[in-house]
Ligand SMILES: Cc1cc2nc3c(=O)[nH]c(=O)nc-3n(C[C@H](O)[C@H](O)[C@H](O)COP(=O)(O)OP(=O)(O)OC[C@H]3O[C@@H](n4cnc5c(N)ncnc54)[C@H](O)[C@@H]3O)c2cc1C
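The chain that follows stands alone, in the form predicted on its own, written as structure tokens.
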């Protein structure tokens, strides 16, 4: 029997000539930068670890998270989550509870005993880290991952810096902080407690360190002149919070006045209530709207019975009373004294007017430049003394745990490059995935999960943790609220809506490609993509 002829049609070639003349633009798959990633001071790949979390692969999610930030359980409690303020979902209903999922993953790691990957190869280089606060432990972690030997010198008897000595236990339980830091030490980082560094140069020279990272926190409370007949009852917020870590807790009395309007002022006022103060009053010279403390912390303080006295300043302290002068806003909105005075009872006055860094350890370093109480650093955190880097509170700017962690990571990368005779350059970032690029019809209404909160009575009398964790069901639900802004999550929408069958599925995890022999450039895929991961580009010449 004669076999039929095999007929081959060069369909692709003919269609390419045909559709090419029709198209003026073609669709292209892109990766855009999610706003959560863009605004995270620690540089976390938030969208990626949320992707793993919503699949229920919590360990994979945690490992993506800690590639940038080793303190997941701690940060899930103390970070002020600017990522959530930037979250595009906030324009649809409510932002994704990123911080709550981060906390769940960190707690799960501690429950399951997950450890960091072992260091495969040592470089033979030794790095000194001064301070075991967030900047210091972050730098130590990333440097150790790169194979360097790291020694942390900490003047206090316990590690954690201002995370331990500046954040109350009702916000950050110490067993959580200890577990996060212990995991870093278990990588092979040497932690020397109770070892104050007074001469950086001498220590580096005598013990053979190749580079140094300085991460000393703001542990000196700022003072203000207040006429006082008896100054024994005037103290500062840093001292009060630090003393809370000792066996001898501060004696503040039944009536405590806190002078200031930041988060530290709120922390001390809430601490005073838990220590038994019947009255804990914050005196602040401006209005509540101008108060630098975060709104949710102010609300929690009010719920616990803390009182707030706006537009007021302390004029004098005498014995067991203080004199407060009322302020009034001028035409430019600035508070001005009125001469109207009020006397209030006060067993103690706590000054919460900001903190400074003790820079005495830098006095013997030639070439170290300091400006306005902050160490001068370049874009990669190196000081004016080559080989010495700094981050966190020491370098000025925003003083938060998350910012400090980001400084430590950036400095570690810069130190590693410097040791190789190179300069670290951060990779370029993709364009940002803005809300107007999304098609939110794909996403159903899903209100944000509210984290559980301790009852008021226990909040007023104990240091038990106030805000609780999500359970697995709620954490999974919250992770699934992520809209994957700017990055394909293989929803098949482009594949389904293309009228020309020009979209090729490449398999799970491999996304899609366009067959331009078939594509007519209608742009329907761009219009319908839920996450804005496709754009139209002009045809190449």
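Positions refer to the first chain, counted from 1. Every value quoted in this text rests on a predicted model; they were computed, and no experiment measured them.
The protein also exists as the form predicted together with the named molecule; that form is not presented, and the subsequent description refers to it.
Though the partner is left out of this view, residue 156 does reach within 4.5 Å of the named molecule in the predicted bound form, counting heavy atoms only. Proximity of residue 125 to the named molecule in the predicted bound form falls outside the 4.5 Å heavy atom cutoff. Although the partner is absent here, residue 162 sits close enough that one of its heavy atoms falls within 4.5 Å of the named molecule in the predicted bound form.
The closest non-hydrogen atom of residue 381 lies beyond 4.5 Å of the named molecule in the predicted bound form. Stretch-level contact analysis of 190-198, 276-284, 249-257, 103-111 against the named molecule in the predicted bound form, using heavy atoms and a 4.5 Å limit, identifies 190-198. The partner is absent here; in the predicted bound form, the one residue of 180, 236, 267, 416 having a heavy atom within 4.5 Å of the named molecule is 267. Put simply, of 348, 99, 219, 176 only one has a heavy atom within 4.5 Å of the named molecule in the predicted bound form, and it is 219. Taking the named molecule as positioned in the predicted bound form, none of the residues of 415-453 brings a heavy atom within 4.5 Å of it.
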